[in-house]
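Shown next as structure tokens: one chain only, the form predicted on its own.
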Amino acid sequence: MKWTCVIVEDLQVAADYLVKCCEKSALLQVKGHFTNVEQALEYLNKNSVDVLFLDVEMPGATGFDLLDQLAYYPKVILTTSKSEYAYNAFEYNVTDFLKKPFTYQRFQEALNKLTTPAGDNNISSTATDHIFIKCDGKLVRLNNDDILFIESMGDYVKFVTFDKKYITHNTIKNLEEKVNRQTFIKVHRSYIININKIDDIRENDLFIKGNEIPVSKAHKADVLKRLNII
């Protein structure tokens, strides 16, 4: 299984070179090329990718501005001609920093730092006990055990915990691929629930702390399989 990736680069020649490197590696599937942050964000906040090849200096907003606004965090490989951005790259915890022009061998070295095997469902780890969501201009840590369920609100989603609700720009489709699948399961096109928080199930609805959540016919069998029914 190939890693999916997006290239954000305003110089066509640089983007074309990256596409060739990706194709040559046979490990990456390029899902799109965008020449500015606005276009890239529009796509990335609706579609999940594994790897982001990101230029820093582009017309308008910078690559770092994109990372500040992104609703989730794929593996990021910065591509820039200026070494002075290396410190910023460290602050954003990017996977690698490719200084242009770079060789295909150097590109391969960057791929080697994507340590999760390509056969996994996602490069981003889904085995952790917490997630970070972007809310009110900051990254908020939510422990998996504190999340009761996640509800779709169009282009936004609502994370419901025991005592608070958080709204962030994201989609159920994207989150389904990013959350810990041992803890969470999609039960409806508009809901992902914490499987450990179910109080009871009645016909085609389940209840979590007084919240009634629909279970679609397409997902009901999967939900029942996850329950310890004796």
Partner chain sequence: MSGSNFSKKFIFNEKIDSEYLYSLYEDDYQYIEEIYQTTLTHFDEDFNAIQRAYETNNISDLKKAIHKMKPTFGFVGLTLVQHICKVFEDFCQKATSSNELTSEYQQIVVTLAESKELIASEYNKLKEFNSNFL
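Positions refer to the first chain, counted from 1. The structure displayed is predicted, hence computed values, not measured ones.
A second form of this protein, the form predicted together with its partner chain, is not displayed here; the remarks below concern that form.
Taking the partner from the other structure, its partner chain in the predicted complex has a heavy atom within 4.5 Å of a heavy atom of residue 13. Taking non-hydrogen atoms only, residue 82 approaches its partner chain to within 4.5 angstroms in the predicted complex. Contact check for residue 57: a heavy atom falls within 4.5 Å of its partner chain in the predicted complex. Using a 4.5 angstroms limit between non-hydrogen atoms, residue 217 is distant from its partner chain in the predicted complex. The stretch among 68-76, 96-104, 137-145, 152-160 whose residues place heavy atoms within 4.5 Å of its partner chain in the predicted complex is 96-104.
No residues of 146-168 lie near its partner chain in the predicted complex, the criterion being any heavy atom within 4.5 Å.
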